[in-house]
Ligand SMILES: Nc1nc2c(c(=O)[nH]1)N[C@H]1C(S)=C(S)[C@@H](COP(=O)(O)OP(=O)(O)OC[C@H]3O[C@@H](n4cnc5c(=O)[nH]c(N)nc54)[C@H](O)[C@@H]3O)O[C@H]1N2
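First, one chain by itself: the form predicted alone, in structure tokens.
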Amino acid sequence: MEITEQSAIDRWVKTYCPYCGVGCGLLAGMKNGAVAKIKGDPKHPSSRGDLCLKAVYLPETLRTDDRLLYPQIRSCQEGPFKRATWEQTFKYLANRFRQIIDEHGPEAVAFYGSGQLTTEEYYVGNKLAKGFLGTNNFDTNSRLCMASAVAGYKTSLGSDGPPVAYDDIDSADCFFLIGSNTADCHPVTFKRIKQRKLSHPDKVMIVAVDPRRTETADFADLHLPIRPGTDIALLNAMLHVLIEQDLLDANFIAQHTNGFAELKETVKKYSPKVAEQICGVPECLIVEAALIFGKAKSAISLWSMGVNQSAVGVHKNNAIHNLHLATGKIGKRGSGPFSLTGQPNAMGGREVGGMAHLLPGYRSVENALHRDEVEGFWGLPFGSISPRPGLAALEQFEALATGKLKAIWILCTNPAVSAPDIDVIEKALRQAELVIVQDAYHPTATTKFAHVILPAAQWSEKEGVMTNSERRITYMPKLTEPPGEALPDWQILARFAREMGFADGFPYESSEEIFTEFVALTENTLCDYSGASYTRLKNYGPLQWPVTNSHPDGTVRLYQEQRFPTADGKANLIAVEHAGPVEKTDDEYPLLLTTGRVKVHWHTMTRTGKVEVLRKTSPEPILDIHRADARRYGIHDADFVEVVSRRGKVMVQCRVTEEIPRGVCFLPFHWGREHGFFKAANNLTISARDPVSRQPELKACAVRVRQVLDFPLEDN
């Protein structure tokens, strides 16, 4: 018998989605103290009642058989875990940290966090590591996601922070989507773009730049099937056309930018004809894309991992900003560059300084004034914070492998699946003297290497705030009690800090106390929260920073006064040159592999993999390969194939298609080795990274593919 909504639900509570950076507002239907149903919150300004399939099935991820319920410790990675009390665990961890720091110094320990953490949890971890333990080795999986966007904003515009709002979608005339399968990865945002297009089909134009013909590309007016890694050549060629066709904003360039003369000389080399040879995109399509962008009254560029996950990811971001600055399409309604964040609180993590080179309020560890400000605020002796950036994500694991780093504390993430070149990650974790994994679930691919596992409360079991892609801060209430002895991440970190002797710095009894402290530290910074509070967020609703006492309703878009946070108030037009993927194809590895997501799964499937409907929708990773390449290697649709790179191999079924360029293949990355050793895409990927952002090139590596005719059977 079908249950009516009224009889099934006691009450509906506003909350926030823990998946991607769209930051959808949700309504959680509560029944007998548990989350029983999810629907969209029509009053949340970022999502306006929409949600994706992943969010619908959130209730099924909360009370699973693999929830981690109490702390556990073991002396070696091959031994059995033993249950411990929290008191025993904190004493053990404090003793081990003291021993390591006394013998090797604070640089021998590191923390690796996640965009799943609340802002308050990020803040406590960052404060503990950088302020009180004396190490800047606090980095997060956002390094794999948004680091190039951060550095791109900073170098081009003067500071991190997307200048655009979702409201701008409703008035944009052009959408330039590059390196983003928005329909699959940010479906609620894509639906809003579709609505804008359908409301003015002749006026609004969509350009999609993607090696694959995806749902996003299929809906676009123009699809540019670019070769992976050639974005800069394409973007420079588009700017070349804009210059030739006199579609620039000369006044804006003269009054509000630096560097145009050098940029103009650089892009002269990138005619559409030259770019065609580099990118594999016909010259006429490059010209058409440039004219669509240049002639539009307003234009938004949206991008994600296809741009950021590159050894020249920062320069790709700079090239996108160049288009907007040269045409004056920034700081105005319906216009601007807009990076689509991968995780729900990757923005919040950047704001609290949750990367190895940052401090709260977009401050830098390398800036003496910034260090002084934070040390004074935290009540620390001056000189407590190291002036050297800590180890970024992959450097942490490389340092573990060489013995430079002795201990790592991993929070709310699963690097043994998500990081490139898994062999290196696993070797590093095996070499470590102490691996602590703080998670809601066990076992995962990462917890199997832990010496200590700590049970963390997850979504709906704790309160806090998160910031989405448009700088909007949303309060997320505690809806239920966590199972067993699980605690919010901030409580675990604060109690450990007290055991280490830092009680005065970590007196918190609530997440609200932490938020209030962080808010005060952001005052007069670009990401100023000083007008925000739990009370205001609960009563008024989500707010976009900067939100101050003089601007209590927040700020829809940045740079409306056409002044940028640089020394002279001008943005920087940065001349950048094309550089292809680090790993070139050759006779032995003739195909270029790119990786990405599927719509129904998220990251390493620690949540979505528990939902039967989602698992059945996409049960296995599938390799996409072009028909001509399949014919060349004797491969047929649905064959099992072996995919080999210089680092490892994968064995999966394949889909023969013409919706991907010749010479390119695609594999989703969600499956780790625990689903089958040879299903993990990151067996193949390369750890090369951008020299500025330190973000790895997960989007391109050289592989070969062959048909697997049969599998050896074991003897009876």
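Bear in mind the structure is a predicted one, so any value in this text is a computation, not a measurement. Throughout, we count residues from 1 along the sequence that is shown.
The same protein has a further form, the form predicted in complex with the named molecule, not shown here; the description that follows concerns it.
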**Report entry** Site test, K54, D210 and T685 vs the named molecule in the predicted bound form, non-hydrogen atom cutoff 4.5 Å
**Finding:** yes
Query raised in the report: Does any heavy atom of T413 come within 4.5 Å of a heavy atom of the named molecule in the predicted bound form?
Result: yes
Requested in this report: Check whether V452 has any heavy atom within 4.5 Å of a heavy atom of the named molecule in the predicted bound form, and answer yes or no.
Outcome: no
Query raised in the report: With a 4.5 Å heavy atom cut-off, would you call D489 a contact of the named molecule in the predicted bound form?
Result: yes
Query raised in the report: Hey, in the predicted bound form, is R607 touching the named molecule, heavy atoms inside 4.5 Å?
Result: yes
Query raised in the report: Which among 641-649, 373-381, 90-98, 299-307 is in contact with the named molecule in the predicted bound form, heavy atoms within 4.5 angstroms?
Result: 299-307
Query raised in the report: Which residue, V435, C174, I178, I385, has a heavy atom that falls within 4.5 Å of the named molecule in the predicted bound form?
Result: I178
**Report entry** Residue among E288, E426, D184, E583 with a heavy atom within 4.5 Å of the named molecule in the predicted bound form
**Finding:** D184
Requested in this report: Determine the residues of 608-639 with a heavy atom within 4.5 Å of the named molecule in the predicted bound form and present them in sequence order; the list may be empty.
Outcome: none
